[in-house]
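Shown next as structure tokens: one chain only, the form predicted on its own.
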């Protein structure tokens, strides 16, 4: 099988046509990795994926991650994380509040997420989009002297800080906290395949080292505003059976709100671990 790549925006994003994940050969997988490094986020419409098939696809991209929030794993396949507002027997079947606010996945880990994939099973008719922007673009816009300054900064990333911002989230267990101790990453990271540099941001859970807290937070806010300029954002409008995969090394994303009383939402998520940022 060979698939076509149609750019979504000039800066990033691509829709894959003639793409069925169940038919990919090794050459297709290598091409998919190259496209992700080049375009950041890809969309494949009308995929029919059982959980085991979804997991098998992502395992071809690298070692799978195990989420810190293990209470939302799919019971029959714990490699699948469930995002949903649907309740059964008085409990949510998935995380109803996941993904809001600009972020990159698992930045608080020593080896953060390389790839995240979402598969849409039930999607609202309005709202609940997923937005993307490029941290590569933000870095490229900076003057050379500013880039050099940022390359000298290290940032502490904290899952405990992130969890404190979550709505209605129960306290982390000792096991969950031990799974995600604070880590330090460079503010500017290099993509291992393309060699491109980007600003590596962890809003609400990151603090630059060697700077006053107020100054450091102001710096991160300025870089985030540059990256998330509304004129350079792709907002993905979900359809049932959409598969969306993105490269977390240089892409930021966020979910948008929707009417939770009117619409049901059910997404499956699988993530692939990456390397320590450098």
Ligand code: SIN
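Keep in mind that what you see is a predicted model, and the values were worked out from it rather than measured. Numbering follows the first chain given and starts at 1.
The following text describes the form predicted in complex with this ligand, which does not appear among the structures shown.
This ligand is not shown here, but in the predicted bound form it comes within 4.5 Å of a heavy atom of residue 99. This ligand is not shown here, and in the predicted bound form it never comes within 4.5 Å of any heavy atom of residue 21. This ligand in the predicted bound form is approached by residue 103, whose closest heavy atom lies within 4.5 angstroms of it.
For the chain shown alone, residue 113 is not a contact residue for this ligand in the predicted bound form, no non-hydrogen atom being within 4.5 angstroms. A heavy atom within 4.5 Å of this ligand in the predicted bound form is found for exactly one of 130, 134, 85, 107: 130.
With the partner omitted from this view, the residue of 118, 205, 187, 138 that lies near this ligand in the predicted bound form is 118 [heavy atom within 4.5 Å]. Along 253-269, these residues reach a heavy atom to within 4.5 Å of this ligand in the predicted bound form: 253, 255, 265, 267, 269.
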